[in-house]
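Just one chain follows, in the form predicted alone, and it is written as structure tokens.
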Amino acid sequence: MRLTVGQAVVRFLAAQHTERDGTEHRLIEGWFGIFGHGNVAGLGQALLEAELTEPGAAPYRQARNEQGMVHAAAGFARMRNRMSTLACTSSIGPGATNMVTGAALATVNRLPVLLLPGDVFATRVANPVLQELEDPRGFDVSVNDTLRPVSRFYDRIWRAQQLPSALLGAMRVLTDPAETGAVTLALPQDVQAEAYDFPDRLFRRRIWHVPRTLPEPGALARAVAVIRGAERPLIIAGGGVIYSEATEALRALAEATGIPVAETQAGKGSMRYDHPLALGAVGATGTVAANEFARDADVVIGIGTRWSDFTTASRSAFADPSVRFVNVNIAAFDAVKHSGEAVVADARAALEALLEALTGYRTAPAHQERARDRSAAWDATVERAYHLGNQPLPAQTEVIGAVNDAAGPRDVVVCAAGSMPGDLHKLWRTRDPKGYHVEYGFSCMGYEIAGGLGVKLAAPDREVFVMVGDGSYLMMAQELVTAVQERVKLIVVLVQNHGYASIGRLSASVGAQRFGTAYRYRDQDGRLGGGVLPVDLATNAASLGATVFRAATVPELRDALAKARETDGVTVVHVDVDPMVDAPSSESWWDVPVAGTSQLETVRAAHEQYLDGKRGQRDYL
């Protein structure tokens, strides 16, 4: 079949599917793209041709920012439990490098996204071309090489003959739950438009089967032996529980054994918040209940977690001197962490095997009763945080409470960076495995609106609440326009505190006095300590096509959220909050180094506190 390379890519991707448990999905459900001279004649022409001749084969959506479209693809993939994703194409140069942050986010979070940036001329007849790096060390270097370290698979297609093997290699990584992440195929602009006789069989319908890898019997037996010897076990549910659709298997194991469950950011939603064995969030942004059990646990069973520093409170959370770990993970890289008994397997398959192998094992009634008591006590703390009655501005915890009350059981909250993810982790009451979508692997400011767009595209039957601070909004709000254009309904809750609230708190904790974290005029002394800037983000959102509601109080916020639910299209609910009111403490620690010497008393005092925290840090060997 004679096609251009661009046409071949589009046709091939339209024929790719995934399958798990007998259910098939389209692997690449659509495209985002911003066109320039590096891809307009290749992939741009091919997508146009597909739209005209094969409607629905390669649905295309405009994007406003290349980083944003990768975030949207990542949000889509996460909402679809990594069984489907979107392709993203850019021109060469800045269009391609704009995607680096999005690629890093996808790879860190183990989310499949496909990037197809344009590249320089393979023939080099016109070099140096517009936006070419022209590296004196070699003519085969381009700015797209910045995508290599943040991609799980990377290839540059110098000749049309190389395309089939590159496409198959890309699909292998996109569909491998242990290896997945960003996949980049760099496509030189002349190669994209080159015609070539591709074999017809390349474009046949292809199904990539996603297996449920079973635990190796010996590894399972060793893990079971450790768990059976535990008196105070604790399960840590990570994102792997969600992606493998193992929440029911987790609940069954917890109920059969009486082992309480705590959750990472990616794993939040693995248990309903009101289950008697659900302790909620664990670690630096965790609940007091979960962190108490973490400190006391003699065996910690990690299911689908990569053990980030927030989950382990920088390796201070699990304080029992003889604590042992059992790690269930599809990726051996994560399964061997903390010298645990490694069970390399699909989370659901492993949980079902553990349930059978642990028949007859059950924790002491006192252990289960304590979990119920601590969970109930924390829920009472959440209720108080939701209804502080703070004046004159509401606290952020009250905003979270109002949104939680407005959201239905299957609705989704989306967030990514700032103080809100930590507050949501400990305070949001999850009722559905896909109801909580906080990107905290990369904690990327600007993810929220673009990611929320991807979530809504993946789950149009769910209401999506995007919670975003003014700092993140200012970094990337452009995909509001894409949502307006596509008539996608989003409810964006824009929390205005005139600065970087999270880093302000962190700065104060290390003695740096909130330096550089408030949006203020420069004062007469040369410092940024003057009046609040006259920035009106609500008007900005309206100018981008959103319907805007303003709220000054919690009752007004609740009324605005009700109106937003009834309004079609994109709505933005703008609310000012008091940045000085903290959420309830997690009674945990996070390792952020403090200056070892300083003329400032605030820094010296913070350093002493830092040393106290370091004394509780362990290597878990």
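All of these numbers come straight from a predicted model, not from anything done at the bench. Numbering starts at 1 and follows the sequence shown.
What follows is about the form predicted together with a small molecule, which we do not show.
Engineer: Among 466-474, 241-249, 74-82, 136-144, which stretch has residues whose heavy atoms lie within 4.5 Å of the small molecule in the predicted complex?
Structural biologist: Result of the contact check: 466-474.
Engineer: Heavy atoms within 4.5 Å of the small molecule in the predicted complex: does Y500 have any?
Structural biologist: Yes, Y500 lies within 4.5 Å of the small molecule in the predicted complex.
Engineer: So in the predicted complex, does P233 come within 4.5 Å of the small molecule, heavy atom to heavy atom?
Structural biologist: It does not: once the small molecule is placed as it appears in the predicted complex, P233 has no heavy atom within 4.5 Å of it.
Engineer: Since only the chain is shown here, I'm wondering whether M445 would be in contact with the small molecule in the predicted complex (any heavy atom pair within 4.5 Å).
Structural biologist: Residue-level check for M445: yes, a contact with the small molecule.
Engineer: Find out whether any non-hydrogen atom of N109 is located within 4.5 angstroms of the small molecule in the predicted complex, and reply yes or no.
Structural biologist: Looking in the predicted complex, residue contacts with the small molecule do not include N109, since no heavy atom lies within 4.5 Å.
Engineer: Of the options T430, Q265, Q396, T184, which one has a non-hydrogen atom that comes within 4.5 Å of the small molecule in the predicted complex?
Structural biologist: The option sitting close enough to the partner is Q396.
Engineer: Among the candidate residues A87, A417, A297, L457, which is the single one with a non-hydrogen atom no more than 4.5 Å from the small molecule in the predicted complex?
Structural biologist: Only one option qualifies, and that one is A417.
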